[in-house]
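Below you will find one chain, with nothing else, as C-alpha cells; this is the form predicted on its own, and questions on how it binds or moves follow later.
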C-alpha cells in the first residue's frame, strides 16, 4: 500500500513539474511550437500546483509527517531534474501531458 502511495506521489510530482514547466513560453515552444494561449497557461499552472499538492498528500498518507515532508522535498528535486533533462534531451516526450491543449 505504501509503495503505491509513493508511486502515485512520484507520478503526481513529475506531472506537476511538467505542467509548471510547460506553462512557460520557452518550454511550450520546445514541445509544441508557437505561443501558448493565456487560458492554457492558467490551466497548466493550476494543474501543476494541484498535482504537487496531491503529491504532498500522497506522501503524508504513506508516512508520518516528518518523513513525508522529507520524501516530498526529495521528490520535488528529482522531478524537477527529470523534467529539465527531458526538456534538454527530448522535449517531445512531454507532449502527451498536454494532448488536451
Partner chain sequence: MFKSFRLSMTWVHTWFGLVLGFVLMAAFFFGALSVFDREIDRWAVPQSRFEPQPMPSFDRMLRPVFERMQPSADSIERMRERVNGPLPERFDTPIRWGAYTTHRDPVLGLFAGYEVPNAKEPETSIWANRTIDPRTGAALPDDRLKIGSRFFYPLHYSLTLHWMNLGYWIVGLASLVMLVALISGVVMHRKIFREFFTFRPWRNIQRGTLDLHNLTGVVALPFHFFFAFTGLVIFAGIYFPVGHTQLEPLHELHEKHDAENTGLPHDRAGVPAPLASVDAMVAEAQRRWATRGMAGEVGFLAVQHVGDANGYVSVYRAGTDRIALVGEGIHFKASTGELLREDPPRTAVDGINTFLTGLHLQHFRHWLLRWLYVLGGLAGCVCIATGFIFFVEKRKRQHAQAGGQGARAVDALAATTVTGMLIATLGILIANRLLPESLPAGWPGRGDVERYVFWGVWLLAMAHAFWRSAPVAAGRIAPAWREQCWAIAGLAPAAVLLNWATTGDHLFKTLAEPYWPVAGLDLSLLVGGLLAAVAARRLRRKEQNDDVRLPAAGIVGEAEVRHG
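Residue numbers count along the first chain shown, from 1. Quick caveat: nothing in here was measured; it's all calculated off a predicted structure.
The same protein also has a form predicted in complex with its partner chain, omitted here; what follows describes it.
- A residue is said to contact a partner when one of its heavy atoms sits within 4.5 Å of a partner heavy atom; residue 32 fails this definition for its partner chain in the model of the complex, lying far away.
- Heavy atoms of residue 71 reach within 4.5 Å of its partner chain in the model of the complex, making it an interface residue.
- Looking at residue 93, you'd find every heavy atom of it more than 4.5 angstroms from its partner chain in the model of the complex.
- Proximity of residue 46 to its partner chain in the model of the complex falls outside the 4.5 Å heavy atom cutoff.
- Shown here without its partner chain, the chain has 3, 6, 10, 17, 20, 21, 24 in 1-25 lying with a heavy atom within 4.5 Å of that partner in the model of the complex.
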